[in-house]
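Just one chain is shown here, as structure tokens, and it is the form predicted on its own.
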Amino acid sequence: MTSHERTTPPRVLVVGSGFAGFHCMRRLEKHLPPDAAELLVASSADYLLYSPLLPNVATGVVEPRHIAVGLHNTLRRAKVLVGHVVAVDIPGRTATLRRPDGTDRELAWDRLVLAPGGVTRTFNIPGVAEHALGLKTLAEAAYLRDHVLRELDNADAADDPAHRRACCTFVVVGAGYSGTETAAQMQLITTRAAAEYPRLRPQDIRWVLVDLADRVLPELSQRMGDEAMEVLRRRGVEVRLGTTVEEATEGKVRLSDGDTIETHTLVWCTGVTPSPLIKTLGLPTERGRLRVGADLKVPGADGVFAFGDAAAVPDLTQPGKLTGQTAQHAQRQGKVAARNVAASLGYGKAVDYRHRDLGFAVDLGGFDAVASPFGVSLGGLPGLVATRGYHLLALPGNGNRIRVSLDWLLDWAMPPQVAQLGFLRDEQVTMAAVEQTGIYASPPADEWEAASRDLPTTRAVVADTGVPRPPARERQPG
């Protein structure tokens, strides 16, 4: 039977509401007629997080809710199911959703769209998982701001000069987009905040940026990297290149160059590894990412599509390479996947994913930024206009755009608010706790490590009569 002849419409389940899953579902609502399919999105949050602006949240420039795009506000037909998909039975065409209350629910599907994103990559360095702070969620960004302000409080009250220096020293690991933005923006805001403490001076604040690469922003051109480096140096950020962290403890960070930095703050911005869900599928991977074709279909898994951070999408513009784990790719892949899912149901024609680089934008805070719209390198104020203009265009929802714009204007016009919110306790902010990686069948591993060993077979899922599995005839491909 074709999808048009069924009495019950096929069910499309999208796992994840990041850039990939969100834009896929949004486009599916446009590609498919209202009665063509039942649309479900399973996500740990009821919003799309516009993660490129997380450093703005950590500095207090942008309010957390303003970069959270509500799914119920933007998706008109899809049913939103809050929870983590922790297991998938591909032959049985079911998925297990773990709700926030800890109960499981079995979801049947006819088309499965895997866009679970990734989790912070730690490289199994001793002490990092226990002592480093991530910057991948709203909770982590809000906590980082609280933590930094608390360290300034402690420094202002300290009588011991060594303890004061440790409180005023902050280490960021990773000189890519997120790490460079975080170090540059946080240095600026802490220097401004230090003026509010009677016993602190701006020169007491020390930010250190560490990376194994030989320059900052290695993904971008030499010119853009050099301009960002000049901004960092002008602000007094210490940049340690060709260096990595060998061990982290509660009060120290030991570097590979032999130096030990006394600090209570280690911010980890070294990229992502695919969601632990990928390891439970028993499907072929490449560098830890799920292997897919250029049409975003998973080979050997009928009706399954994957893309975004968790999928090894071939880069047709550079044969033999994979597309990067960026929001720009995830958003575009989501739109192509939606078209191909619709085509598999008999609506439209499938296409391969092929992209054209639109350039990159790095907000360094204040009036500094570097950007390369359509290959044109910009710095300073022109770079900032291009960077923030790009974010406003890419941020879904006019309400979110207006709120973020007002946040930026207020930051320029008024001094920073030096106040802690205290939403999370210290024991709640380890990366594993915030990203909830412990709920899967096995802990996450670095993507290179995962690629070098066999993956476990898919474990069985437990049925829940809350969502009945469709009859066999309804689960046949359209």
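Predicted model only: the values in this text are computed from it and were never measured. One-based numbering along the sequence shown.
What follows is about the form predicted in complex with a small molecule, which we do not show.
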query	finding
Interface stretch in the predicted bound form with the small molecule - options 24-32, 58-66, 415-423, 43-51, non-hydrogen atom within 4.5 Å	43-51
In the predicted bound form, G18 touching the small molecule (heavy atom, 4.5 Å)	yes
Contact label in the predicted bound form: S405 to the small molecule, heavy atom within 4.5 Å	no
Distance check, Y143 to the small molecule in the predicted bound form, heavy atom within 4.5 Å	no
Interface membership of T265, the small molecule in the predicted bound form, 4.5 Å heavy atom rule	no
Position in contact with the small molecule when the complex is considered in the predicted bound form, options V85, I205, M186, L149, heavy atoms within 4.5 Å	V85
Interface residue in the predicted bound form among V113, V172, L296, A330, criterion: non-hydrogen atom within 4.5 angstroms of the small molecule	A330
All of K136, Y177 and T326 with a heavy atom within 4.5 Å of the small molecule in the predicted bound form	yes
